[in-house]
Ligand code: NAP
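Next up: just one chain, as structure tokens, the form predicted on its own.
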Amino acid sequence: MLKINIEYPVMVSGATGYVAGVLIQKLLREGFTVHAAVRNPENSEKLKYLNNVAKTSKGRIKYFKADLLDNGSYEKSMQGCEVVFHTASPFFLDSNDPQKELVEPAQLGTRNVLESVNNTESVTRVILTSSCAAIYGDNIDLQNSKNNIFTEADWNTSSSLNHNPYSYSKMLAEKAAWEICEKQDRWSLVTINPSLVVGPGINPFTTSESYKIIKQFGDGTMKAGLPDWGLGVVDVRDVADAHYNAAFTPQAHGRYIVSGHNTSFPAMAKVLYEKYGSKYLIPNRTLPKWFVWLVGPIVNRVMTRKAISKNVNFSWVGDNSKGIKQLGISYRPFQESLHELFQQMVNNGIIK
């Protein structure tokens, strides 16, 4: 049985990432020693946000050099750890070489980390940051799900290297994790599958795709309007809580959809427009699908006509009940998450 024992360190891969930063903040405040695996432990500029959190926390942070594609590089950081949080994985939508930039770091990186877990006797539980992208590829896939709602039983079968390659990479990475887990019986695996993560991070200048989207809501990029594209949204702090609770809840098992709200791009813009519309160029118009289909690929190469046809004017609905019941997740209000992220970006000059 797992218990919260701060005498044992915990390992977090991808420690400088958006979700990892807020998770580490929680772990440090609870008093844990965090073994933070990063590509360059000497990069004080990139680590300053984690160091600032550590200065005011009960716990301690130690840095270890590791890379997703460097086999065995995570073993040193895992020594003495009972829990490993594997959060490291690239998240960007526009890729020139999706095999090398997305699939290999996600899939081979997951294999690398979990093979190191196999070689580290102290580890008893692994929490993997997966994604709702491993559950579905396009909103139209909802029509093939049971009762027209995405659940943990669903897997993304519609993405490929040429269509939604990021989603494809997340599906392959999670399947690799379950394959490795099922071949042994010393450690258990729990996957956290968030929808689009929003809310304030510890690093206001993160390169997360979520930040890019919200920035475009406020800097005039999307002032002409938005497509009616359904999606799920969740606060980064709720995602961190889900990771933490999954690590130390003995009955936690399998996959967990972590998504606070079923929404859409126009609904998100409306929330921001009501508070910030008088000062910033936040879109307040929904574009017709025919117009998005015509212009979208010209404006943004990620917005392919195939993606538009399968996502625009389709809702996204996810079932988050398993996480609420088993992990005790309580989701923050939609407006709070968006307002605090937007305000953080304004305060740091990212949106002017």
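Everything quoted here is computed from the prediction, not taken from an experiment. When you see a residue number, it is the position in the sequence shown, counting from 1.
One more form of this protein exists, namely the form predicted together with this ligand; it is left out here, but the text below deals with it.
Scanning Ala36, Leu27, Leu68, Val312 against this ligand in the predicted bound form with a 4.5 Å heavy atom cut-off leaves one residue, Leu68. This chain appears without its partner; in the predicted bound form, the one residue of Asn164, Thr129, Ser259, Ser77 with a heavy atom within 4.5 Å of this ligand is Thr129. Contact with this ligand in the predicted bound form, judged as any non-hydrogen atom within 4.5 angstroms, is confined among 206-214, 175-183, 267-275, 135-143 to 206-214.
Heavy atoms of Val19 reach within 4.5 Å of this ligand in the predicted bound form, making it an interface residue. Interface membership of Gly14, defined by any non-hydrogen atom within 4.5 Å of this ligand in the predicted bound form, is confirmed. In the predicted bound form, this ligand lies farther than 4.5 Å from every heavy atom of Lys322. In the predicted bound form, Val84 stays away from this ligand, with no heavy atom inside 4.5 Å. Residues of 229-262 that come within 4.5 Å of this ligand in the predicted bound form, judged by any heavy atom, do not exist; none qualify.
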